[in-house]
Structures are given as structure tokens and as C-alpha cells.
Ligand SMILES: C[S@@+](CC[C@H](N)C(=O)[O-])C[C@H]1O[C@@H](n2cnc3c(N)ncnc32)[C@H](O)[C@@H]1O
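Given next, in C-alpha cells, is a single chain: the form predicted on its own.
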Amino acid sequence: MKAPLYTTHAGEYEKAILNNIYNAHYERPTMLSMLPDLKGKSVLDLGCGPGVYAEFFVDSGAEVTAYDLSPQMIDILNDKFGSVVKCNCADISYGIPSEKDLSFDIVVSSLAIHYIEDLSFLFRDVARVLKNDGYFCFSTHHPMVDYLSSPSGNYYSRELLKQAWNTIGQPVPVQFYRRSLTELFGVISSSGMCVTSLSEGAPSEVLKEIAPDSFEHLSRKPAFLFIECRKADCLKSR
């Protein structure tokens, strides 16, 4: 689904997430801490947004391929990187069929999979394109946080949630899917991968100085979930 936050307001969103609380001082520090050395690695960035992660990958010496559903976000990436990053405007909910088997060392997806109703196509393709010793690292909404907004009260029911977020300084409608840990881990397993690391994140020390109340809140109550996966067959062979 093409959300106005990432299409109509793409430029405003790009500026907003550079130094905001949840993206810059909670999500990114946690995700980046989970990644290995990227120099000389091939990295696939799924749901790349305005390219904050892509810029880090390029600066770290990686070869980067990026996907996003929003043509406005892909325009931003093309303006930033030109041919340095291979940019693709596509709906990753159908997978990534144009990418070759065993072609990426690392696949990263930052706060994107909760916009996808059925994760099975994407996760099977991630396992397919990962090299045998590769990593898939992703962040998503914490299931227990989203459950607080469940219209049915059934934690195990996958549901479309509709909210308004103030990310850019004004309310913008968004919609995304909430799912249980049981469903998420089941999709990972059925795709041929297994979880090798899990984190619920931690705010940066900088946030303690610029927004102490938010630092205290995120230190006590996680908002996101961070997962690292590897191919199950690779781990069995060790």
C-alpha cells in the first residue's frame, strides 16, 4: 500500500527521521549494532525509504541494492546516489523475483514488514537470495505494543490497524498489519531460516540528553522488535 507519509510527504519524512526519537535514537542504533562488517559485502535494502541506511551501507564500503514501493522515495535515492546504488521501485510483498539466488551477503529491512499482509512470499525469496553464510536483519513493530490497538482483542489474529502518526509535525493517516510472534516465527521457519539473534532495542545515550522522558519510556517499554535470521541448513551443517 502506498501510504501518503512515504509518497506525498516523502521529502518531509526524509528530513524528519534524520534526528527524531524513534528512528534516529532508537531504531537505527539498535539495527546498526546487529550488523557485521559491511566492507566488500553485497547488501539488499528492502523498504529503503529515503536512503538513510543505504547511505550508511555505501559509506561502509558495501555494494547496495535497494527496493521501495514509493516512487518518490526511489527518486530521492537516485538523486542522492545516482548509479552507486541499484534502486528498484517494486512491491516487495510479492517477493524479489528479479534478484538471483545466493547473491547477497546481508539483507536488511527497517520498519517495513508490518506493511505487508502475507510475509511468506518475501521471506522465502530472502532465503533464496541470501548466500549460505548470509544474514537477514529486520525491525518491525513490537507485537505486544500493536496488540494494545487490536480492534478484536484477539492477539493471535492478524489485523489491519489504521492510525494517524505525527512523524512530520502533522497527523498523517497510516495503516499496517499487526501479527503475533507465533505467526512471525512460523513464517521465518517455513522460509528455511531460523532466528539467531533477537533484541527489543535500547534508546541511544544521546536521547537521555535531548529527550529524557522519551529515554526513560523506551528504556522501560520497547516499541520495536529486532531480529537476525540465518539459513537453517547452513547452521545444521556446522
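One-based numbering along the sequence shown. On a predicted model such as this, the values are computed, not experimentally measured, just so you know.
Another form, the form predicted in complex with the ligand, is not on view; read the next lines as being about it.
Checking 70, 180, 42, 204 against the ligand in the predicted complex, a heavy atom within 4.5 Å turns up for just one residue: 70. Proximity to the ligand in the predicted complex, taken as a non-hydrogen atom within 4.5 angstroms, holds for one residue of 119, 130, 87, 112, which is 112. Comparing 91-99, 155-163, 77-85, 142-150 against the ligand in the predicted complex, the single stretch with non-hydrogen atoms within 4.5 angstroms of it is 91-99.
Contact check for residue 16: every heavy atom lies farther than 4.5 Å from the ligand in the predicted complex.
In the predicted complex, the ligand stays beyond 4.5 Å of every heavy atom belonging to residue 176.
Using a 4.5 Å cutoff between non-hydrogen atoms, residue 56 does not count as a contact of the ligand in the predicted complex.
The closest heavy atom approach of residue 193 to the ligand in the predicted complex falls outside 4.5 Å.
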